[in-house]
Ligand code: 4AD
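Shown below, as structure tokens, is a lone chain in the form predicted on its own; questions about how it binds or moves come after it.
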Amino acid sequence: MSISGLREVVGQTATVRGWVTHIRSSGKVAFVVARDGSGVLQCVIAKNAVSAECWETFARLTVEASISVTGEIRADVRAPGGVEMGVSDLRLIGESPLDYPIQPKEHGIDFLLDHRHLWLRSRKQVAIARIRHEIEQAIHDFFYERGFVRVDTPILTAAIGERSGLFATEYFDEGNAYLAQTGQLYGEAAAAALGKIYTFGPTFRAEKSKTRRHLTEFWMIEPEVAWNDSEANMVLQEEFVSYIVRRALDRAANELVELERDTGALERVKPPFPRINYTDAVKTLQAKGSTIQWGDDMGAEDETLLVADYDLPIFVFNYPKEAKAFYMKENPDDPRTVLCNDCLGPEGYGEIIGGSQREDDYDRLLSRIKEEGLPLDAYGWYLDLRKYGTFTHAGFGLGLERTVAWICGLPHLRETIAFPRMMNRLRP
């Protein structure tokens, strides 16, 4: 049985397989704590109640050895999970040498990342992985319940969506292909066929950045909705973020406790989110001592400074055209700006969502592509979306790892994914 199911068989005999986390003995009674991925179980071995072979097996146990243990399941409110096992049989399946690299002491982050394949076994990392899993499931459920269709878009592409760095590779006789920075452009095509879609996949940015907010490979969720304008786009975002947070609070409560997360901060995340236009945001930041000028994109320090007055995520909307991507729709009320928004997480977690209404005018989009110096032959199909039945549409991208870091209360993205890829890390 899995450890998580043992409450259902109190008073019965069960067999559990897992890995040893702690061992201690008083001479006549021994205690083994084991985990199996679903929970943690304390196993009690009385020397006079087991065979000599079983007792000898206990003497050979080390941390992270894999075992099979059989015994009576007993209720115990003091035990993890509310039950413990009175052992009748113990078998050693896989030995673990005494030099297990990760010991109960402080290790440097580089050491832990070098041993990430083993670090994943720790209670904190298991809790993070489970919260990430719950968030991913919530994402799928949110869109499924609202009639969205998931569309899988290419990872290898000839067209780029953002200004940031690209990973390029030779693609047979077709020249360079690029690892996708976004699935958005293809999502727009799918929205014209299906109305409401979302993509969910890995994206890549070759930015030489070592900040706590950046990975070179990360996962992005990108809905695209026909007939949505910028305002409807922000409403969808706040509903989406609030839904994810609520699911984590409801279904990953134990894991949040393990991480010592202040859940009070998460409980406050409910729509509507405060909105501030870019021009007003710049004035606010300047009043707080920032050197930002109108036309600049906001950096991490500016974002942190801006959200300090709020305990909810906030929207900053209608950025200058020069600071944003070519596909964003020009603001008819101020042509210097585009109809877009960033959703900034509270507690200094920065941008978790970037969204916009898309430019639906063929000539304006063509002009923007030329201004950016992008190859027209790579965007002919994208322009076709405006040529054959153009339509108002909007969408956004939510960075999964940034969202997980915020919900978990983690200081860096590197623990939010099983095997992080950063500028200086490609292994393990």
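What you see is a predicted model; the values in this text were computed from it and never measured. Numbering starts at 1 and follows the sequence shown.
Same protein, other form: the form predicted in complex with the named molecule, not shown, and the subject of what follows.
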property: Contact check for Gly354, Gly397 and Leu413 against the named molecule in the model of the complex, heavy atom at 4.5 Å; result: yes
property: Listed residue (Arg213, Arg130, Arg247, Lys196) with a non-hydrogen atom within 4.5 angstroms of the named molecule in the model of the complex; result: Arg213
property: Option touching the named molecule, based on a heavy atom within 4.5 Å in the model of the complex, out of Arg205, Arg116, Lys321, Arg261; result: Arg205
property: Stretch from 80-88, 266-274, 213-221, 117-125 whose residues place a heavy atom within 4.5 Å of the named molecule in the model of the complex; result: 213-221
property: Contact of Arg402 with the named molecule in the model of the complex (heavy atom, 4.5 Å); result: yes
property: 4.5 Å heavy atom contact, Phe142 and the named molecule in the model of the complex; result: no
property: Exercise: Tyr327 in contact with the named molecule in the model of the complex, heavy atom 4.5 Å; result: yes
